[in-house]
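Shown below, as structure tokens, is a lone chain in the form predicted alone; questions about how it binds or moves come after it.
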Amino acid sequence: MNILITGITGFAGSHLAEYILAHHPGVKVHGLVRWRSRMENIAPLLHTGKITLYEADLKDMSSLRKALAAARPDRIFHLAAQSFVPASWKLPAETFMINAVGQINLFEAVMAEKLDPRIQIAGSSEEYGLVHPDEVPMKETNPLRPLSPYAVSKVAQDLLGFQYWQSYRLRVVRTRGFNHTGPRRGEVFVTSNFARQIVMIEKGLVPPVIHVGNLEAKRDFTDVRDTVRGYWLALEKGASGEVYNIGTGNAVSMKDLLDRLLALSPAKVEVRIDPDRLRPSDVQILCADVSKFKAATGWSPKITFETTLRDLLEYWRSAL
């Protein structure tokens, strides 16, 4: 079986490649990269000869067709995206171009090459956006009220996946992943940012001050290693045309997150609000109802939140 991962050099993409190689050794893993892609996340895999990379850009149909023609994937995990919400406020058109238009190009390239893979679309809980108190935990049937340009682009990806299934019978399975974190998470994302700041304080590299944004917001955090296992199961057992939430069903406030990280560190810190970390509009709570996905696939998270946070701190202690 040939597997193609877009965004293989990213956070989730690199963990997915590791998961597939560790648990499905007969599968051939292919990935798309750009000339400027940072390779450190997959560096340990590059020397094994177990992955094949193709240079392609979601905004360039020609390069996509060449990569697909070479890889001939039976399954595609579409993880490549502009995934940082604050960046989408500054670059809304670029975010939409990469996420929505890039996905159209991928679909059109699949059809042009007359391929018939199963395709997982990595959506986001940010699609739900403005959620009323009686709509928590969030089901797949919740209204989508996106509150950022990033979230709008992910809604577009989600609905395009449904449309191409209905119109062309592309075998698309959509997942709405709630916040996932763990080792190698980019430092701009909240769990990793807090962990990095704490480790820098531990090492005496900066004054003992943690800079934070909105600590009242609540998020449903899953370990990335559980999330990518969910991605695999979405194509193994999920139904084409359907959408599934992937999360834990437990929402944690940013304050509680910070307190849990600090409890795992000897650092003594002052917490200081940074206005630059506040968004023009923020989603107050994201909490998943994952009963549909569990019923379809049998998936459930295995890694505790404390283990995730401990591993994240150890990652930064090693990286710094």
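Numbers for residues come from their place in the sequence shown, where the first is 1. This structure is a prediction, so every number in the text was calculated from the model and none was measured.
Here the subject shifts to the form predicted together with a small molecule, a form of this protein not shown in this document.
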Classify Arg272 as contacting or not contacting the small molecule in the predicted complex by the rule of any non-hydrogen atom within 4.5 angstroms, answering yes or no.
no
Interface membership of His180, the small molecule in the predicted complex, 4.5 Å heavy atom rule:
yes
Using heavy atoms and a 4.5 Å limit, would one call Lys154 a contact residue for the small molecule in the predicted complex?
yes
Would you check, heavy atoms only and a 4.5 Å threshold, whether Thr95 touches the small molecule in the predicted complex?
no
Looking at 121-129, 141-149, 193-201, 206-214, which one sits within 4.5 Å of the small molecule in the predicted complex if you count heavy atoms only?
121-129
Of these, Val173, Leu106, Leu79, Ile76, which has a heavy atom no more than 4.5 Å from the small molecule in the predicted complex?
Leu79
None of Ser37, Ser253, Gln284, Ser291 but one has a heavy atom within 4.5 Å of the small molecule in the predicted complex; the exception is Ser37
